[in-house]
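In the block that follows, a single chain appears as structure tokens, in the form predicted alone.
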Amino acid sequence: MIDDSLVQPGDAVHPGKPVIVDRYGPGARINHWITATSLILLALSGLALFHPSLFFLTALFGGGQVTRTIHPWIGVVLFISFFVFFFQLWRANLWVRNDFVWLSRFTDIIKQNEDRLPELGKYNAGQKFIFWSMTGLILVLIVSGIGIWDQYFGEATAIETKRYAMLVHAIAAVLIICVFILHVYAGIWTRGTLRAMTRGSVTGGWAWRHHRKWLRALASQRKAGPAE
């Protein structure tokens, strides 16, 4: 039996030269880019509303009033798109013992000495950290955002509550921007990663080097044939 935390629907190995491994289907890739685009737009519009020195960014959205109007709606899009992704991937992002071993070998991670690292499933500990950080921060942002969305919820929260919600919202926004930058940097730094979210597949060599346990599970599944 194949561990469902290692293999997900759509994951598959295709023999050839080179071997190609399906990692994300079209729906997952589209949803990923909707989430990424929403987050970028939220960061720009949020910064524009955060401080007068950044107000010039409202020109990207058609002015201050338009920016203030669409910012929370983009947040709703982010929330929905990310949690569609969440329910597809949460099992694969559960922590396992090898994640702690992987983190303990930080020097080898930086030097990309993959042979000195434990075999991993579909995601490493760094990817899982980003996944769960995004999950928690988006929840904080949507809850605090509703608290300060005066157009629809102005009478539902007291002034004092709005002040705390604004502070929490700002802190969470800064943190999620940092996590997003880390995510982008890691995707560029690990050569071949971007292909997974543009083409939906990776090479067998990439999978063997970075997610060997996942590749072994896929190979075993292929040998066993389709599950009945």
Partner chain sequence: MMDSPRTAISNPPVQPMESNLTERDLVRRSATSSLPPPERQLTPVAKLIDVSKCIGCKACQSACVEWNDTDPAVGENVGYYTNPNDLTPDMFTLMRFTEWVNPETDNLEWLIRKDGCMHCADPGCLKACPAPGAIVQYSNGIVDFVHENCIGCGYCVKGCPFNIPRISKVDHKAYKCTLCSDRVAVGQGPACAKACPTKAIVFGTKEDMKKHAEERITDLKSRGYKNAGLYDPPGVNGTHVMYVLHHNDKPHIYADLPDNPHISRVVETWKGVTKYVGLAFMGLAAAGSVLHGVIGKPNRVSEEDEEHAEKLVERNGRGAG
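Just so we're clear, the structure is a prediction, and the values are computed from it rather than from any experiment. Positions refer to the first chain, counted from 1.
A second form of this protein, the form predicted together with the partner chain, is not displayed here; the remarks below concern that form.
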Between Leu60, Met197, Ile40, Leu54, only one gets a heavy atom within 4.5 angstroms of the partner chain in the predicted complex; which residue is that?
Leu54
Of Leu89, Ile80, Ile148, Leu139, the only residue with a heavy atom within 4.5 Å of the partner chain in the predicted complex is Ile148
Would you classify Met166 as touching the partner chain in the predicted complex, given a 4.5 Å non-hydrogen atom cut-off?
yes
Looking in the predicted complex, any heavy atom of Arg68 within 4.5 Å of the partner chain?
yes
Considering only heavy atoms, tell me if Gly64 and the partner chain come within 4.5 Å of each other in the predicted complex.
yes
Does Gln112 reach the partner chain in the predicted complex, with heavy atoms at most 4.5 Å apart?
yes
What residues in 162-199 sit within 4.5 Å of the partner chain in the predicted complex, counting heavy atoms only?
Lys162, Arg163, Tyr164, Met166, Leu167, Ala170, Ile171, Val174, Ile177, Cys178, Ile181, Tyr185, Trp189, Thr190, Arg191
